[in-house]
Structure formats: C-alpha cells, structure tokens
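What follows is one chain in structure tokens, specifically the form predicted on its own.
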C-alpha cells in the first residue's frame, strides 16, 4: 500500500478485515500521516480496540487529531443523504489540509455497508468510487474501501471492485516463489487465485489450499488468470477435489489457458460432473 492507491477490500472473514484495517491504520500513524476511519457495521470503539490489542495506543493520535475514527452517518451521510460530488470535495479538502498541516500524507478507510440501507443517493456509490480515484492518484494520499462479501451480492461486489484501480490482497495460503495461492474474489465470487506453476514441487500445496477453500460455502472458484503451468498431477488434484464435492456443489476452474482446457478434455477430466472449466478470456 502506497501513496496514490485507492483499493477495494472485499472480505468474507472478520479476521481478514481486522488484519487489514489494523495494519493500514497503524502504519499511517507510524508514518506521520493523518488517518480517518469511517465505521458502519463495526463501532468506532471496536476499531480502536483492534489497535490497542495489536499493541498500538491510539490515544495520542486521537488527542492531536492525527487519527479520527467516526461513523458513516457522520461523514458520507452527514447531510441525511449521500452526494457523490460533495464527498469527493470533502476528501480533496482533507488531503489538502492534512498536507498543509505538516502530516506526511493522508489515508482513509470506510466500511461501505451503509450503501445497502435505504439511503437517498446510495445508488451513486459506483459513481463516487470512480470519481474519487482522482483524489488519490499522484497524491500523498491513499484509501481502502471495505465491502463485506457476505452482505453485498456478487454482482454488486464485482461492480464496485471494477471502480477501483486495485484491490487489497489477502495473506497467501502458500508462497514459495514458484507458486502463490491467494484467497481472492473473481467477478464478485470468493475464489482461490493460482499464480505461478503447479508441478511435482507444488502439487501438495495446491491440494492443501483447495481443501481450505472447500470449507467455504457454495461453489468453489479457482482463478487461473495468473497460472503459468500445471502438470497432469495438478489437474488430477482439481478433478479429484471436484469429484469429492457433495451433491449440488461445483468446482469452477476459471480463466484457464485454452490449451490447458484442451488437455483437460483430452485426458477426460471434463467428464467429472462437478468440474466446470472456463477458458481464459481474450484480452484486447
């Protein structure tokens, strides 16, 4: 996370939200930046408690105004409705005044669950997320917008994610320099992202990560966008995990290179009913 970033944090795990928020806010305080946090589903007291339990005393920063932990109702919705342009103006002012006040930067994070309530103007959230990119790009400022995947639909989540220039990455389940396995999201659905190569050295890691992903509810998605190579043993792991799913669940292997899709067909793994393989989309 660096100056200029405006990232989307989609999470389906309270611990993941807590880890990211604690690291992001505490790093801002340590670097001498001004930090604002807009709570919604959590309370400000809970967020401050996360910092304290991580060994960060928020008291001094709260006292000087370096840290502000408030609510969505007092910020996004202070006027009783949401106005995308007004909020962009507010953030521009906060960035300008923070830097003028001698802080080394500005960072903000907001829980966006308020958009699911019957709030006038909430339908302009996507417009806001797009417009606010210019507030942070090239500036000594950054933002993380938080979307709870258990509350937003996959369509909503995918739409808001696309409004951001980037996303917060979760802690990898495995990373040895050859293969990186990350809990992630693909088109608004929780997914296991596979980056690198699956071969005799890493097949066991893929199997273990799939076993972890199988504890997630519903269908399982494996995003192969960043896959460089997978051998037959790796494909066999995918097929066997799919075959072992309980009735009604499927394992979707998405964004797989077309040549590898052909290999799966040639060896007959596509005959596994619960294994659904989708080829990688062509890029323009």
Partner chain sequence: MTETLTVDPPPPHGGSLAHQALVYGSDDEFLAATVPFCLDGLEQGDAVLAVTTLRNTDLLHQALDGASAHIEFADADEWYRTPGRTLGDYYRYVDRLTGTGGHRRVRVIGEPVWTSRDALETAEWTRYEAAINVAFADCPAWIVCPYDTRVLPEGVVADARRTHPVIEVAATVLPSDHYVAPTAEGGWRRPLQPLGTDDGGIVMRFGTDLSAVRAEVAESAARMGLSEDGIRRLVFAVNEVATNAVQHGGGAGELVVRRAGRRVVCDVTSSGDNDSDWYVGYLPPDPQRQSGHGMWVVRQLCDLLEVHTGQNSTTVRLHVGLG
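Numbering follows the first chain given and starts at 1. Small disclaimer: the values here were computed from a predicted structure and weren't measured.
Below: the form predicted together with its partner chain, not depicted.
*Asks:* Quick one: in the predicted bound form, does every one of 201, 236 and 263 get a heavy atom within 4.5 Å of its partner chain?
*Replies:* Yes, the whole candidate spot contacts its partner chain.
*Asks:* Out of 133, 197, 71, 154, which one falls within 4.5 Å of its partner chain in the predicted bound form, going by heavy atoms?
*Replies:* By the 4.5 Å criterion, the partner-contacting residue is 197.
*Asks:* Does at least one non-hydrogen atom of residue 267 fall within 4.5 angstroms of its partner chain in the predicted bound form?
*Replies:* Answer yes; at least one heavy atom of residue 267 falls within 4.5 Å of its partner chain in the predicted bound form.
*Asks:* In the predicted bound form, does residue 229 come within 4.5 Å of its partner chain, counting heavy atoms only?
*Replies:* Residue 229: yes, in contact with its partner chain in the predicted bound form.
*Asks:* Residue 240 versus its partner chain, in the predicted bound form: is there a non-hydrogen atom within 4.5 Å?
*Replies:* Because a heavy atom of residue 240 falls inside 4.5 Å of its partner chain in the predicted bound form, the answer is yes.
*Asks:* Answer yes if any heavy atom of residue 259 is within 4.5 Å of a heavy atom of its partner chain in the predicted bound form; otherwise answer no.
*Replies:* Because a heavy atom of residue 259 falls inside 4.5 Å of its partner chain in the predicted bound form, the answer is yes.
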